[in-house]
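Here's a solo chain for you in C-alpha cells, the form predicted alone.
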C-alpha cells in the first residue's frame, strides 16, 4: 500500500552504444532523482544501449542478458542503498533463441519485485522488433512495491486501451511506460506535431478512463545515420487521473523530472468519474475476437 503522497522521478536520457556508459548515466540520474526526494524512479525503454531495432542484425542478440542479470543486480543494489523503487527496461535473454523486451521493477529493499514482458510487438520501418522479441506471456500486471502497486507496460503497448484497462483493474496506482518513440527525420516537419499530439492524447485518455497516474519516460536524441535513423522526441510526462500534465520534459535534451503523486486522487477521480463502476462486463466478450464485421 502507498503511504500517502510521494515523488516519482523520470530519467530522460540519451543512449549510446556503450552499455557501461549508459548504466553509469542511468544510475547518476537515479541518484539525482533520489536526492530530489523521488521514491520511485523510472528509466527509458532498453536504456542500456542504442535502439538497435532500426535494423535486423543477428549480432544485436549479444546485447541481451538474463533476468535476474547484470542490469537487475546493479539497479537492485542502488534501490536498496537509496531505499527507492526503480523501474528499468532490459533486452531479456530468456533461453537460447527466446528473447523479450522486459520491464523490471526493483523494490526498495533491492529485491526483484516483478517483471513484465512487452505484449504488443511492432514491425514497422526502423522498429523491427518482431525480429528480436517474442511476445510477452506473463499477462498484464500490477506489481506490489513499498510505494504502491505499479503497472508496467512498454512503448507500443501504450496505444492499446485494453492493456491499460487490464492493468488498472489489478489495482495499479501508477501505469509506467518505458518508451523509445520518435520521429523519422524526413517526416518530422510535416507530421511531427500531429504524431506527438496523438501520443499524448492516448496517454491522457488512459489516465482519465482508468482513473490513475500515467507515466511515460522516453529517450532523447538522434540515433542512426545522418539524414535517416530516428529522432527520439523526449517529452517524458506524468499525467494525473484527470489527464492533467503534472510534469513534462523538453523534447530536445536530457532531463530529470520529479513530480508528486497523490494516491488519494485515484480514489477521488474514480468516485466522480465512475467508469469502472459502469462497465458492462456482460457485453464485452466480442473484444476477444480479431474482427466483427461480417464478410
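Numbering follows the first chain given and starts at 1. Since the model is a prediction, treat every value here as computed from it, not as a measurement.
What comes next is about the form predicted together with a further copy of the same chain, which is not displayed.
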To test your reading of this chain, name the stretch in 196-204, 104-112, 78-86, 221-229 whose heavy atoms come within 4.5 Å of a further copy of the same chain in the model of the complex.
196-204
Determine whether any heavy atom of residue 119 comes within 4.5 Å of a heavy atom of a further copy of the same chain in the model of the complex, and answer yes or no.
yes
Partner contact for residue 128 in the model of the complex: a further copy of the same chain, 4.5 angstroms, heavy atom
no
Under a 4.5 Å heavy atom criterion, is residue 165 part of the interface with a further copy of the same chain in the model of the complex?
yes
Partner contact for residue 276 in the model of the complex: a further copy of the same chain, 4.5 angstroms, heavy atom
yes
In the model of the complex, do 124, 169 and 292 all reach within 4.5 Å of a further copy of the same chain through at least one heavy atom apiece?
yes
If you look in the model of the complex, which residues in 147-165 sit within 4.5 Å of a further copy of the same chain (heavy atoms)?
149, 156, 159, 160, 161, 162, 165
